[in-house]
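Only one chain is included here, represented as structure tokens and corresponding to the form predicted alone.
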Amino acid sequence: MNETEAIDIDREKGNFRYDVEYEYDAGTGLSEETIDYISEAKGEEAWINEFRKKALKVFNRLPMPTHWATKDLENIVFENIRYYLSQGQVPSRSWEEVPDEVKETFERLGIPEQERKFLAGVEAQFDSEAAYSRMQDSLEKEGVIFVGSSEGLDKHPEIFRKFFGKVIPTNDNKFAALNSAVFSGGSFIYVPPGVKLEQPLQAYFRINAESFGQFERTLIIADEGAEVTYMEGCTAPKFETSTLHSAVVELVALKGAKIQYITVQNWSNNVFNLVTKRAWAEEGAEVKWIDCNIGSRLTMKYPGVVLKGRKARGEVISIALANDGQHQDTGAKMVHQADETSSNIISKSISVGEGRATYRGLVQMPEHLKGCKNNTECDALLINTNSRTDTYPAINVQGEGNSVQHEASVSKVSAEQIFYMMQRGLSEGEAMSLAVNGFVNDLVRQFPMEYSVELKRLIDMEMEGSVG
């Protein structure tokens, strides 16, 4: 079996749902009563309930950020969203104990198969709560923690509370406040000093219910000299109504630690995907975000690294593909706060049909720092005459010993290029797929093999019918 046969993907793979009887349903609308319902269902301590209610006040106070982002945000009707749905399950350590409809969902998506193949641990979240969470026994013996956020709060409060909400404070932006008010699910990972995980950990987030909002909260801490790779995938079926996904991800890389965070998102076309992701990197630490966005109605996501310690390094590699009716508003943030820190941003976007791709970047180096470097490369590919791309880089670099390099390009697939390939036996669609895959090939190679194969095939499918 060759590589491309190893994973069976089709366009409708994630487009299915099961009728589920929920034990907990907060109903529609968002109020302090909604938060009390969530806290009671999850059996939370009083301080978390207080934290949620303060966040709700911030959310209500902050305006929708349409002064710089798309007006499409105004089409989100928060009162129509269901903020918490759960079957009341405790995350199972055994796949056989997972509820049947949940198990069938993840089996159709290939999650157990991936666990057996190459993962050190996996978590599967269904609507608001994790249904399955398991890690290799050998890693547990080394002190590695990989559980859902609720279990992290309950069983490891001394680590969780120390970093929770510190990298991304509640008032960071309106959707970080929303997540802080109603968060549920997500991952909590702690890797002890010097422990280096050779295989990745993976979480998979699935939306099953209509008019639902998923608000997972992920906190990953790599202690001094530790190394971890984490991968996340997400899907939702197609509904007649809009769905909201608003996650918060906080990464903490202590002295000399390395964290690699890989995302491949393939949402259905009615999902508002509004995510806040940020990392701290202390002295000599490295954080690398690899971010791929395909699908959704609107994605707004700008993974960032705050380089807090000397010689810390941050990197964001992103691919975005915007098809008809989609807007991929993505980018990266690098905030240098110590000498000799370095950062690298490589962003590639493809706009198809009437799709719109936006790069939004931020690089900051204050005057008192020395020896800091940033490299930013931002390339956009337009497939059709009605497709659109925008670039909004904000670069604030001061001081004499710091350097920044920014390169950007916009290109269009040429008729001559397609004609040339068709003369060698390719169909027009195959020629277009080849051109697009060639455009992103150097970035795709940085994904794990299983993900790079999936990504290439997703791109092939998005290119079907794109010509004309």
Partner chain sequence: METVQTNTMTTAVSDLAMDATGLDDQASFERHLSASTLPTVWKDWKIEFWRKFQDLPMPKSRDEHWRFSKRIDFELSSYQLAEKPSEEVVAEAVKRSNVVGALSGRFIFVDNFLVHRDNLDEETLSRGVIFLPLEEAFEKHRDLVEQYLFQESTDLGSEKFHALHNAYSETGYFLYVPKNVEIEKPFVVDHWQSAPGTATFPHILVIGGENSRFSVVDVHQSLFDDREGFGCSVGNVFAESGARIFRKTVQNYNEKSVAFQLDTNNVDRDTSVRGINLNLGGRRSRFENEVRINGSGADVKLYSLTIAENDQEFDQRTLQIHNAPNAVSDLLYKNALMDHSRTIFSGLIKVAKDAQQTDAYQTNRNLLLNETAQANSLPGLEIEANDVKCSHGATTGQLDREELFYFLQRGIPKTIAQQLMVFGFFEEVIEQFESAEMEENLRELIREKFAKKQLQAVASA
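Not measured: the values here are computed from a predicted model. Residue numbers count along the first chain shown, from 1.
The form predicted together with its partner chain exists for this protein as well; it is not shown, and the discussion that follows is about that form.
Though its partner chain is absent from this view, in the predicted complex it lies within 4.5 Å of a heavy atom of just one residue from S31, N441, S403, Q423, which is S403. Only one of N75, N269, N80, Q398 lies close to its partner chain in the predicted complex, with a heavy atom inside 4.5 Å, and it is Q398. Not displayed here, its partner chain is kept clear of N60 by more than 4.5 Å at the level of heavy atoms in the predicted complex.
When its partner chain is considered in the predicted complex, T389 lines it closely, a heavy atom lying within 4.5 Å. G284 falls outside the set of residues with a heavy atom inside 4.5 Å of its partner chain in the predicted complex. Its partner chain in the predicted complex is approached by L362, whose closest heavy atom lies within 4.5 angstroms of it. In the predicted complex, no residue of the candidate spot (A26, K71 and E158) has a heavy atom lying within 4.5 Å of its partner chain.
Of the stretches 161 to 169, 296 to 304, 379 to 387, 339 to 347, only 379 to 387 has residues with a heavy atom within 4.5 Å of its partner chain in the predicted complex. For the partner-free chain shown, nothing in 317 to 331 comes within 4.5 angstroms of its partner chain in the predicted complex, judged by any non-hydrogen atom.
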